[in-house]
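Quick setup: one chain, the form predicted alone, written in structure tokens, and binding and motion questions come after.
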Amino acid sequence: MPPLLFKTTLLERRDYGCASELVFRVPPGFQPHPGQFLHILCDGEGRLLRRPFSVFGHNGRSASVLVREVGGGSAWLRRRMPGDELDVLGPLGRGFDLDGEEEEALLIAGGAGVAPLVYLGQRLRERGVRATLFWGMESGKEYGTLPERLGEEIDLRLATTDGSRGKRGTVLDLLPCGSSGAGFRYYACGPRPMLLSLASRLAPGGLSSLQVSVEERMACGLGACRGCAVPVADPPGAYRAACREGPVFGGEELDWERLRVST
């Protein structure tokens, strides 16, 4: 669907440790695709640029985003209370391709990269796909009770760097043995080092089964400023705007070597 510019009312704020889920009304016909994002105006102190947030949930009448404080804009947004007005543009970008015939999907999240995968998991389950969410974070304290809530909706596996929750290690340590090729579809979102490690594990034969949502700074959200350009494999040396031609890319679309060099 084409993006909409609308003002809406915050219905609910659910706090989970270092992040909050903001639930707000959406216009009739608003139907975001998993992996798309919303550009939200974070007003105050002269901020002019919107901030991008992946769609975390959607039920036809309302949608939600998961907000973690990483700067002044996200801090302002996280302080909003029910009844406050939000200025939203979206949905924007290219989401995940759900046209595959897979019976099992592995959803691999690093930190706040869990946000687009939660909505993706909802849509996959509606299509009869068995989905498992693998989520890695620094500490089990980071997201409070959110893992318990998500565990009621999807098969959830956790890993923490400090070992305080789930398996000690990284999210890739959670993946089942033999999950490096055919038989699975992979959907991932997280820090670039995590995505690079996953791509190395799947290459060369498994990249066709991988889709990743890249985490880049998005200023305009429309592909005009080119501040979120990422290197792609075809044509050689080319770049694509993550906000317009992403943020989701197929594993074979990206130039992983140039991504590694620029990390």
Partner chain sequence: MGTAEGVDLRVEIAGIPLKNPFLACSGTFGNGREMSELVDLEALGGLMTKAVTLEPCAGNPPPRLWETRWGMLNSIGLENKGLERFLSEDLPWLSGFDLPVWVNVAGFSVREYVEVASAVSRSGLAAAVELNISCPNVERGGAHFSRHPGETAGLVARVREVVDIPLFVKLPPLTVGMGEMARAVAEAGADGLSLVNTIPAMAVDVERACPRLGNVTGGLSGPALHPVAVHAVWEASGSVDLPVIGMGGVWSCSDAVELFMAGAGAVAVGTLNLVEPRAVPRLVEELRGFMSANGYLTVTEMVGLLRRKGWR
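Positions refer to the first chain, counted from 1. Definition used throughout: the rigid core is the maximal C-alpha set that superposes within 1.5 Å between two forms. Note that the structure is predicted; figures quoted are calculated from it, not measured.
Another form exists, predicted together with the partner chain; not displayed. Remarks below refer to it.
- In the model of the complex, G206 stays away from the partner chain, with no heavy atom inside 4.5 Å.
- Of the heavy atoms in H58, none are within 4.5 Å of the partner chain in the model of the complex.
- Put simply, R68 is far from the partner chain in the model of the complex: not one heavy atom of it is within 4.5 Å.
- Mapping the unseen interface onto this chain, H33 falls outside it, with no heavy atom inside 4.5 Å of the partner chain in the model of the complex.
- Although the partner is absent from the chain shown here, L5, C225 and A229 each have a heavy atom within 4.5 Å of the partner chain in the model of the complex.
- Note on contacts: among L196, L202, C220, V214, the single residue with a heavy atom within 4.5 Å of the partner chain in the model of the complex is C220.
- A heavy atom within 4.5 Å of the partner chain in the model of the complex is found for one listed residue only; from L89, L150, V129, L174, this is L89.
- Comparing 58-66, 206-214, 25-33, 232-240 against the partner chain in the model of the complex, the single stretch with non-hydrogen atoms within 4.5 angstroms of it is 232-240.
- Residue L41 is the only member of 10-41 with a non-hydrogen atom no more than 4.5 angstroms from the partner chain in the model of the complex.
- Annotation: Cα of R226 displaced by at least 2 Å between the shown form and the other one, core superposition.
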